[in-house]
Structures are given as C-alpha cells and as structure tokens.
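Heads up, the chain below is alone and in the form predicted alone; it's given as structure tokens.
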C-alpha cells in the first residue's frame, strides 16, 4: 500500500494546479500526509486554523483529487502537527524581520531559464539589483500565474542583498497585514522606518492592495518617499498597471513611470530547457522523449510544467517502474485528470457552455445586457476563458464584446473570491468545467 506521504505528495501537485497561488501557499503548502489506514488518510496541518479552513472549504476538492490519485474514496482527517515552539508574547508583537531566509534558496538568477518569453523581464530585474533607482524605477513585471514573476523578484532581492543593499521582499498581502498590524498595535513609526529606509523594495502581487483604501494610501506615500530617495522599487502583478481595476488612478499612473515588462507563457524550447534543469535538480534520469511529452502537454505556465514533471516522477516512484513514454502518458492522464483539460478551449465553446448553464444566450453574454444574472454569467465566462487559455486580457476583452482588460481582470478576481464563499457558484462552475472537459475528450483523436 502506498504511504500517506507519497499519496499526498502527488495530490499536492494536482491541487497546486487547481487553486490560485496565494490560497495554495496559505492553506496547502505546509501540509503533509501523515498516516493511511484502510479507507482513511490523515493530513497534518501546521495549526488549527488551517485544519478548520481545509475541512470547511476544501474537503470536496481534496477528496475528489485523492480519488484521481488513488482510484479509491478516502475519508480525509486533518490533524494539527506543529514543529514550531509557541512564540512568546513579545515575539508576536515584533514585525517579521527581513533576512536571507526570506528568499527561497531555489529562486536565483542562475536557476532561472531564460527564453524569448521572459528575456526582457530577466534583463530588467537583473539591472535592478544595483538598487540605484536608475532608468527602470519602478520596474513592473506582469503576467499570468506560474510564469516566474516571484522567482525573478526573489532572485533580485537575493543578489541585491549579497551586494550589501538593504532589501525587503513582501507580497501585497503581507504589506497589507503589516500595515493593519502597525495601526492596531500603534507601531506606525516602526512600520514607516521598516518600509521607507530601503535601497530596494520588492512587492509581489501588488494587485492585492487594490480596493483597500487605507492600504493604498499608505503604499502611495511609501512609494513617493522611496522614489524621491532614488531607492529602487520592483513590483509584480497579474496584468499591466492600467489593467488593475481596483487600484487608485494615482497609483496606476506612478506604476508606469519606469518600465513595464510582460512575461509570456514559455515557448516549447524554453519549456524543454526548464524540464531538463528541474530533472537534473531532482537527480531524475528522464529520457528526452518523456520531457518532450510533458513539454507539449503543459503549455500554460512553468508551475503547470513543473507540476506535470513531479507527477510523472511520483507516479514512477509509486509504481516502482522506469520512466517511459507510456508511463508518462498514463501519469498525465490518470493522475492529471481528464484528458484534454490542459488543452486550450475555444472561447466560443466556453461562452456556449456558460450560456447553457445559466439559461442565457451566448449573444446576451457577449452583448450589453446588465441584469444581475447576465452580468454574473459574463464574469464566469471571462473567468473560465482566462483560466483555460493563455489569451491576454486584451484578447479576452475583445472577444467578449469589446470589453477592456480591466473589466476582464476584475471579473476574474471577483469570481475567484466568490467561489471561495459560495458553494452554489462553486458547484455551478465545476459542472461547466466537467462539460467542457467531456467535450474536449470527445473532440480529441482516439
């Protein structure tokens, strides 16, 4: 019988492709498979809050994923197992310190595979390690999930820190939490000192602060002071500054003062180079033909690419079989979910499927009707198109009735939030996805 750790390792690879990065990092990344007894598997969590959230909000998704992985229905039990000692009251009041451990040791410029899709972003971030706030200030890196934005920001921070600069890397969520904590605990002066006395500030997923007026106000003044001091600012977002709908205009205008660079999904040559490098890191002997199979199936992001590689390696380990082309096909079909789900889905097919589910015509979804049900269907269609394709926000907006990239981005963010809180909407979107996957399988060659 496979161990709980092995099963959960494979399941995490699946779950990483099904939930967004902030949710995966917050709720799943620090979990491990603990024990398996008959039809029950116990998953360890770092604290009770995580256990409660997973039990309440993600149980259905986790159980379905485990069925895909094991072929059996398993009862999931979440158990708190913390390796850390409780922090003292004084330590809890301290803001997190920035040190070398803040950067993932895997994320360096040496380990970043450069290709046509990311060459400009790589060069621009490398130039920012000097911290002088020269020609690219601020530098804004934008692109879809799993394309390497975090890798580049952390590599920039590591190198700048090694060069003796005072560096701080945070996510948009962490900046928000630090600001709220500083107000609540009356430590605003310490907050200002921490964020405004830097040579280099890196903020990942800056779109998170959008719509949070006090946080935006704070970041506005932080940005201005750093910029006036000629300190370097590097930001990342999921779309260009002008496409961030919830941010104030004065922030968006400042974000385009310097240089805005896009990262695109990697082309085949780059995908193969990434797979080869990751296989070497894992000390896994994987034939070139197998790497080619993975590279041709996983096209949308580096995260999807690495997840597929991990699935193939884990599948071979579980079966104690050599990694062959046949095994790779089985791993990516049996573990990776329904065949065809990684293939781009035509936009019209998505709109038709959403229309059928909502009992609304495709013409109304693309058109100008503004009633609540049609507006929701339109947002769901934009969400699914963006999730299932590598189209730009502009392309999606143009095909969805000439709407702006900001409208598409807002729809995607809104539905991403709403499905976390609405079981009805989550079920509805799941059913639409199943229908689309079934259509993909029927259309694929046998």
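Positions refer to the first chain, counted from 1. These numbers were taken from a predicted model, which means no experiment stands behind them.
Same protein, other form: the form predicted together with a small molecule, not shown, and the subject of what follows.
Remark: residue 355 does not count among the residues lining the small molecule in the predicted complex, judged by a heavy atom distance of 4.5 Å or less.
The closest heavy atom approach of residue 118 to the small molecule in the predicted complex falls within 4.5 Å. When contacts are judged by a 4.5 Å heavy atom cut-off, residue 112 counts as touching the small molecule in the predicted complex. In the predicted complex, the small molecule stays beyond 4.5 Å of every heavy atom belonging to residue 158. The stretch that touches the small molecule in the predicted complex, counting heavy atoms within 4.5 Å, is 142-150, out of 142-150, 314-322, 71-79, 366-374. For the candidate set 274, 209, 286, 351, a heavy atom within 4.5 Å of the small molecule in the predicted complex is found for exactly one residue, namely 274. Distance criterion of 4.5 Å from any heavy atom to the small molecule in the predicted complex singles out 306 from the list 225, 248, 178, 306.
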